[in-house]
Each structure stands twice: as C-alpha cells, then as structure tokens.
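Given as structure tokens, the chain that follows is alone and in the form predicted alone.
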C-alpha cells in the first residue's frame, strides 16, 4: 500500500501507480463502509475545493460537492461562463490565484485539443492538487469508480474479460476520454480488454500503445475488434457507450453521417445473452435510452449502473482525502 499521496494531482490515469490506485480503492471501500454505518469522517475539515466547470454535469458536480461535505470541507462551484475566465483569465492565473484561495482545484474541460492541456497548465502554475473531473483525453475518477464496482461485483479483476465497446448515440460527439481511461486502467489490473469499435472510431494511438504495454506488463491481454456482437461473447463486463469520431473528423455533420451507418450497435437482451451469465452491464451515464442501450438491459438484473454511479462519490472522497490533507 502506498500511503503518502499528499499534494499529488490526478489528471492522467497513469499519474498514480498501480499500487497507489490500490490504496485509493482500499480507502474508498473503507469510507463507503463508514458511511453505511453512520461513522463520520471529517478528514478535510476547513478545506475548500474549487470546482471549475467548462462543461455541464450531473453526477460529477453532485458527487464532488457531496463528497467534500461528507469529508468536513466545502466545494465551491465555479462556472467559466459567469466568471472572468470567459473574458481572459489564463490557466496560469487560475493556477496561481486559486492555489492561494483553495486547497484543491478540480476541473472539467472536455473541449477536443484543449481540455488536457488546460488542466496541465493549471497544474504547472499552482501549489495545490489538480483533479481531473474529465478532459478530452482522460476521465480518471469515473474509471476508479468503475474499477471499484468491478471488484465489488466480480472480485479479483485479473483474468476477467471486459468489452469496452462503442455504441451508437444520436445526441452529440461525446468525448473519447472514457474508453481511453478504461483501456489504460483495466489493463493494469490484469484484465483481458477488448476495444470494440467501427474503424472510424479510433482512439489516440499513444493511449492504445500504453494499453498494449500495460497488458504485457501486468499479465492481461488487449485486442482491438470491429465486430460488435463478437465483443460480447463470453465477456464478464460489458461497457458499451458512444464516443465521437474525433480522430476521423471534427465536423459534427460528418460525424453524424458516419454514426448513422452503425445504428444497430445497441446493447440489447439478445447481445447480453452472448456474455457470461454472471456478466455485468456498465455505463457512466447518461445513456441514450433505446439508442445506446435498451431499457430492458439498462434497468435489468445485470445492470450495475447505479452502484457504479454511487462509487463515484466514494472513489473521489478517497482521492481528495489522500491528496488534500
């Protein structure tokens, strides 16, 4: 167990070693048990977290705000459109100034080609931890919650097969950060990771290579597939969600045209039956119901999406408690 994470930032999934991620999961499980028993844990009394949003949220804002309150601190919601950030405050200025006001800075900035660079620029300028509430490249807190959920539901993840699959959605070009963080983290925990996607929905080559390297190092496997049904076969975890064809086109109309070729990429009962009987269905939410996934699956007995959403709270509290003390 690695216990000293004080002052550390979490922007990339790889910012914490595998052993440090294991520490986060251990602490998250303890905090979850304590909350179930009504045992308080004001570990961050009088600490304040700045939550800077460039992109709207439901679970992210709610879970960080609730988590800071349960840890005895406070979370300040900051919308870039209602502050001077939208009128010229630079990443350096935010890092310098917020680092003097707050004990941590959490940022959600998912604009393609912008978000990750912005978060790292803030990190370079500040004296407090920077926590990535999602950027264009990574979504580490969601994946910590996902890993925690897999451990709770299936036990040791080593040797389990997870299908990280693209699914059709009609809403917008969703970020690629979820599948990228999934393939990075799950290969570090010895899982057999399938990346299933149409050819136009590639992920960043360096991320894919890191996933291959992780699989070799930690004893799992990694393969890229383009057959939606084949990804389900004998899988332990189905994680099928939409993301944008961002490495193919930056034009929304062209992306929609590409996506329309794959409207049949929907998780339904027939496809879930191809997975193991004990398989679980996961999604970060919100899902496009009856487009990405049918109601029968999303609300069915194999779905763990609400437990997964709850674990955002506990995983985030663990990281905040370990880094912001």
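Numbering follows the first chain given and starts at 1. Bear in mind that the values here come from a model prediction, so they are computed numbers and not experimental data.
Unshown form predicted together with phosphoric acid mono(formamide)ester (CP); subsequent notes refer to it.
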Item to check | in the predicted bound form, residue 68 touching phosphoric acid mono(formamide)ester (CP) (heavy atom, 4.5 Å) | outcome: no
Next on the checklist: Test of understanding: in the predicted bound form, would residue 294 fall inside 4.5 Å of phosphoric acid mono(formamide)ester (CP) by heavy atoms?
Outcome noted: no
Checklist entry - Is the gap between residue 32 and phosphoric acid mono(formamide)ester (CP) in the predicted bound form 4.5 Å or less for some heavy atom pair? => result no
Checklist entry - Would residue 197 sit within 4.5 Å of phosphoric acid mono(formamide)ester (CP) in the predicted bound form, counting heavy atoms only? => result no
Item to check | Per-stretch contact check against phosphoric acid mono(formamide)ester (CP) in the predicted bound form, the hit in 253-261, 269-277, 32-40, 58-66 (non-hydrogen atom, 4.5 angstroms) | outcome: 58-66
Checklist entry - Just one of 132, 242, 185, 142 has a heavy atom within 4.5 Å of phosphoric acid mono(formamide)ester (CP) in the predicted bound form. Which one? => result 142
Checklist entry - Looking at 50, 44, 284, 27, which has any heavy atom no more than 4.5 Å from phosphoric acid mono(formamide)ester (CP) in the predicted bound form? => result 284
Next on the checklist: With the partner left out here, which residues of 89-110 have a non-hydrogen atom within 4.5 Å of phosphoric acid mono(formamide)ester (CP) in the predicted bound form?
Outcome noted: 108
